[in-house]
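Quick setup: one chain, the form predicted on its own, written in structure tokens, and binding and motion questions come after.
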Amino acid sequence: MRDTLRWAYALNQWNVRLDVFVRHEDQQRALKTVSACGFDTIELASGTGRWDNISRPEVILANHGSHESFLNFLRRAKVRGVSSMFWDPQAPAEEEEGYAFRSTANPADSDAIVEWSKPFVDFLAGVGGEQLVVRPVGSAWMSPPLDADGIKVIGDVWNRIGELASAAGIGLALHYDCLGAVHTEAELTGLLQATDPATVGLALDTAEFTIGGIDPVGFYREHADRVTHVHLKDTRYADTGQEYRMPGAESTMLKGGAGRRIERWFYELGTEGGLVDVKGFVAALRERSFSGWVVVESDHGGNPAELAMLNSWYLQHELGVSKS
């Protein structure tokens, strides 16, 4: 995509099961689809094990031999590079981190989490990526509500990792999650206040914000100086009954519909009944001359190739972005 904004596409929507995104030819098909839709830069998502061989830095390098060889793999599909990578330190990595379960909210886990971040920082620097995008804290249903001291503990971890990332020449962006223990606008603002703006930014996900009851346009206008990365997608639903606190919300809410027969929460841009003011949000980015990456994604919202084409159509015909 050619525009004053920089556009990338997330590969996470292809990796829906352990057995569907493992072979290099399957990955090439996804990369070629993204490229055909006009995107020449991608965002990767972290995972674990040999079955997630395009997700974990150590496994990517074991498969491709070097950073440059991996970039050549992308270039075969006319994808020129990596914008960013998403990492959730709360998700246990089996082979790489010994099945450990840790949380940024637990001070005893801080040192280990900082150490875990290093392969991601090094890999991103090696492939010329710009942002390590992270889930700052685990799900709300797994812990009591956070107070100011608890938010400070989380902020301290990310300040340390932000320094590592900055030293390597990349940025760190905290990604708001509609299931996260940092959930309300006040909690999110508190986390931003607990982190160093020089080394820790915010990844604003338009659908996650909307589901969580935060207006993405209004929040961006008020905190544009902290937003360094964007995930752009739509939703037809909001969490209207604190459904994010349901036990096992990853399944009971996001996959089970929270009892409301909601088949999926994340949708392509321009979806019928979409709650995100996509045009207003992109206009706000343009007004502030946003310089980070705008990553389009649908996040397991349906057929990935179809969604990529629909998103590409919307950018071209509703936002005036040139495909080439």
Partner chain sequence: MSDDRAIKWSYMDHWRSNGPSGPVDQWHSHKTMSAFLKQIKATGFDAIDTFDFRIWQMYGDYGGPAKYQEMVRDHGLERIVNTFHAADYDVRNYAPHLPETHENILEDFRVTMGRWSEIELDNIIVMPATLYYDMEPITEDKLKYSAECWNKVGEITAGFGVKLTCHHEFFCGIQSEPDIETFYSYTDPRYVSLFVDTAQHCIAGLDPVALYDRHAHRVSGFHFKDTRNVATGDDHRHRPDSEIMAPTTGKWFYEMGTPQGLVDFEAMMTAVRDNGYRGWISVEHDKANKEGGDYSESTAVSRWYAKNVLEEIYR
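The shown structure was predicted, so the numbers you read here are calculated from the model rather than taken from an experiment. Residue numbers count along the first chain shown, from 1.
Note that the form predicted in complex with the partner chain isn't included here; everything after this is about it.
Although the partner is absent here, K32 lies within 4.5 Å of the partner chain in the predicted complex, judged by heavy atoms. Proximity of A36 to the partner chain in the predicted complex falls within the 4.5 Å heavy atom cutoff. Contact between A77 and the partner chain in the predicted complex is found at the 4.5 Å heavy atom cutoff. Interface residue remark: S312 is counted as part of the site for the partner chain in the predicted complex, having a heavy atom within 4.5 Å. Contact annotation: the partner chain lies within 4.5 Å of heavy atoms from the stretch 69-77 in the predicted complex, the single such stretch among 220-228, 69-77, 139-147, 177-185. Residues A305, E306, M309, L310, S312, W313, Q316, H317, K323 are the ones in 304-324 with at least one heavy atom within 4.5 Å of the partner chain in the predicted complex, listed in sequence order.
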